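Structure 1 and structure 2 below are the same protein chain in two forms, each given by itself as structure tokens.
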Structure 1
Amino acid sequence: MAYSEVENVAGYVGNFTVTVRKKARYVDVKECTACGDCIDVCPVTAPDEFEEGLSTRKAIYQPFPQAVPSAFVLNIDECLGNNPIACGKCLEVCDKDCIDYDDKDKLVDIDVGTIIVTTGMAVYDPTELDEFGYTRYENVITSMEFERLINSGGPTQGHLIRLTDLKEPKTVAFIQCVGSRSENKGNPYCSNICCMNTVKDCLLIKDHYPDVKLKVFYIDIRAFGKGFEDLFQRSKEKGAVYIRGIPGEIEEDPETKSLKLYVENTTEGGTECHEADMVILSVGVHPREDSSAIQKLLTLQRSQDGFFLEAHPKLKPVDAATQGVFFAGCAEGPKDIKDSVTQAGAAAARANRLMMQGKVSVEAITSTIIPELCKACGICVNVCPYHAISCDTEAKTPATVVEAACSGCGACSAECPFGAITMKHFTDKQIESQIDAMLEVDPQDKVLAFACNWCSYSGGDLAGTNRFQYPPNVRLIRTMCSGRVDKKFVLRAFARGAPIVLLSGCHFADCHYINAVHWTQRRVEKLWDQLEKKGIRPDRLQLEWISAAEGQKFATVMRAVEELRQKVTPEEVEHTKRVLKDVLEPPKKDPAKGKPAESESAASGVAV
């Protein structure tokens, strides 16, 4: 389905329902033979995106000659035809009658078992790097524009020419790492492909124009792949000169439009000036802007560089944390064609492995309603991000959960004022027994932290793998989502003498349960008010959003909470314990019963 976008995703592994928007193309794909009659008559010209704007196209066009599907598309914003009196020329000439100005976007629902995300990357726009003068100087172009110039199907039929005088350049300079490996502008990471791309470009130029002089300005040349070093050496043999150092500035000769590059040669030392007729910026890549839309739809995570985050870098490099979703290609990180194809094969195999079993078991972490306690208030219906709960508040019949739709965040369980919802494998009793065990001895020395499985707990794991050191006073309790953390857990911890409690969860954009994390925030805000009313410093309850990629932040937060802990006085803790005494009754002896938290959140769940 070309010219389509994913609009919505519902369901879960094995059973996704995906809504796809088929964008209006205004041309019947089946009928169109790409004869080109319409192009001849279309009066509108626009820059050709495929040719990097180096040539023009009409308002009705074929993206590029080998396009699949081989059919035209009409850009309605540029077309005059939607105003019938104005134009309508293409409609007249089309033998096949395949143009329809009234074409509309269509929404179609499809059912799938697995999803592979291969949304690719975007190319860095170097305009912001003023020193290179891209867009100011016409003979400074990007490596993508160069691809179209040297392509025999491109706007110049493959002739390498300067855009100012249409003459062949005598000297061509490449600048590496444009928009990559920079702390200031662009991206901090290595874009992986640009070194080899330049090596390839050098060979291409030398093949067609052996006399053109080539200079490559670089930081390091990273030719690590199979056969890469060989290509690199070949480009040197053919005469490409590699100079270590990135030009600090480019100047244009106003007359000849040639360029002067000022560079500090870091191998030989000293500042040099090189002249070139044409400069090609070897631009890096970055995540696509629309990645965040896909991220939301599929509840994916992204690493700090903005590319999608794999479930485990070594054990599950093409799996997403969301079951049934896989990655391939540059969506997961910058990579070349070979790696993309390799990864695509891996992703296909992983998807196949899942689908060929025909069935899948889903983790039994779901919510259960205890009908005897349910007062049919209907609150949970609005809490559930998946609309898994229904409740007839009029008829006062207990709420019901569609287990298959429940993803197990536990927000409903924490929000239910009557303790009528319990979470399998994360029952009140299970969590409370962890709190009690932790705070039984020397509670004043410890920080109790709740962490959600997908983000903050993983952030803690990452801190571990990176060996980021932090004070050993904190102990984590894992829940699937921070939305599971009931008010009464927090109060219980304080009642047991915890000096500091930390709630940590996903950033709003990363929430694995659509927006369950909103409930965390709201609950914490209420708790702050409640604590203050009781004369307990609200800042003893801390809230932090830590993603799976933020190992550094995790360690920083752990240091910060430990600092706060040291400021909590024993008197304060004693006072808190006294004020919150009620929270703990009935006493520990009877673990079969839940503990009422506040008068407002009456009886709690009998842990099933």
Structure 2
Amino acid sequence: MAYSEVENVAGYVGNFTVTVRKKARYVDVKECTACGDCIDVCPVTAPDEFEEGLSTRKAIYQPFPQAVPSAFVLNIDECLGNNPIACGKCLEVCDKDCIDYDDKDKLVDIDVGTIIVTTGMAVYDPTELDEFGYTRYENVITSMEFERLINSGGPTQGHLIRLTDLKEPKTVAFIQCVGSRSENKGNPYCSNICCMNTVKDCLLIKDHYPDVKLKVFYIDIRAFGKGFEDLFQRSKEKGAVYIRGIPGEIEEDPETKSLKLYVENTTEGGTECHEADMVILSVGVHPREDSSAIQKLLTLQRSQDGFFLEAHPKLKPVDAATQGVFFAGCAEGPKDIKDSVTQAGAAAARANRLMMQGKVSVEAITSTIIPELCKACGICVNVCPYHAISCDTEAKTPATVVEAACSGCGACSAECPFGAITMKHFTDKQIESQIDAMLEVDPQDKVLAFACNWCSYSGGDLAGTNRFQYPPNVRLIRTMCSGRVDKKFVLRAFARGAPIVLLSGCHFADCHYINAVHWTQRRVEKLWDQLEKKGIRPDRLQLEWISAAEGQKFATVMRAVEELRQKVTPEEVEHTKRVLKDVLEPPKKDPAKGKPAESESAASGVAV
């Protein structure tokens, strides 16, 4: 479906409903023969996006050569022939009567079982890097503009020319890592493709223009792929000169329009000045601007660099956290063509394997609604990161859970104020029984820790296998996610005499359940306020983010909380047990009024 975009995605694995907006082309695709008569008479010109603005197009145009379908599209915002009709020339010359100024967008619903996200990436705009003179000097262009410039189907039919005088340059300079590996301007990560793209461009120029001098200014040449080092060496043999250092400033000669590059050569030492007729900025890549919209549509995770995050970097490299959604190409991170093709094949295989089964197997840790306790408040709907819960708050009907979409994080159960949600195999009763058992004997000598299954609990495993030493009095309670830890679990642990309670989970960017860890943060912050109001030191409740690879940090954190435990006095523990007495012994109902009887702590003015 060309010239279309996804408007909405609903449902779950095996039962997605995708709403696609087919944009109005204002040209009948079936009748249009792409004869070009309409282009000849169209008076409107605009920059050609496909040619990176190096040439112009008309208001009616073909998006790019070999576009499918092979038909024109009319940009109604640029056209003079609509509302009111001030032109209409394309309509007059069209023998097939293909032009329809009254065309409208159409919404189409498609039922699909799986979704593969291949939305690609965007290219860095170096305008903010004023030291390179991009947009100020015509002969400073980006690598993407250079690709169109030397393409046989481009605006110059593949001829290498300077934009100022349309003559062949004698010296061409490439500047690497523009917008990449930079903390201040651009992105801190390596864009993966830039080095080898420049090597390829050097070879291409030398093959067609052997007399052109080439200079490449770089930080490090990263040629790690198969055959890449050979290409790099070939470009040097062809005459490309590689200078280790990034120019700090570029100046232009007003008369000749030649460029002077001032650079510190970190290999030979000292500052150098190099002249070039054309400078090509090897720009990096970054996530698309609409990544946030795609993330909301499909309930995806994004890493710190903004690209979509896979479910597991080793075991599920093409799977999203949302079941039935897969990644391919640069949507998941910068990569070259070979890696994109490989990942696309893997994503197609994963999707096909899932659909061939005809059914979805889910782990028996999903959440379950208790209808008689549900008040249809809708909190669980907002909490669920997978949109697996639905609830009609107006009709006050109990919420329902789609088990195929539920991944069992348990955040909904922890946030439900009425106890209407339970999680299979991680029920409140099971967790409370573990708390009671661990603190039954000498609770003041122990540290009670809640650890999420995927990160902090695995970090503890790594600490053990690596023989990192930490205090033996730490008692771990495993939950699938830190978001499952209800505040009543923490209060129960303190009421049982625990001097320190530790809650540990994944880092925000690594949460196995998309954004469930954010609810953990909010819940703990509220608990700190509640503990302080009760006269309990908030720092007795610790919150730490530990990944599965941070065994050393796990041991360090455990040693730190043990030091903190030793500072908790018996008087503090007894005071805590006294003010939290009602957590273990809920107030009894007054038979006469049907209300909870006033407890000793409530009567003394302590809020419970």
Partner chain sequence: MAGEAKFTCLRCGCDFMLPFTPGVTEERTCPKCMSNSVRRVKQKKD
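Definition used throughout: the rigid core is the maximal C-alpha set that superposes within 1.5 Å between two forms. Quick note, the numbers are simply positions in structure 1, starting from 1. Owing to the predicted nature of the structure, the values given are computational and were not obtained by experimental measurement.
For the form predicted together with its partner chain, the corresponding chain is the one labelled structure 1. Positional change of residue 446 between structures 1 and 2 reaches 2 Å or more at the C-alpha, relative to the superposed core. Residue 507 shows a C-alpha shift of 2 Å or greater between structures 1 and 2 [criterion: core-superposed Cα displacement of 2 Å]. C-alpha superpositions between structures 1 and 2 give a turn of 18 degrees for the smaller rigid part relative to the larger. Its Cα shifted by 13.2 Å between structures 1 and 2, residue 556 is reported here after superposition on the rigid core. Relative to the superposed core, residue 398 has its Cα moved 6.8 Å between structures 1 and 2.
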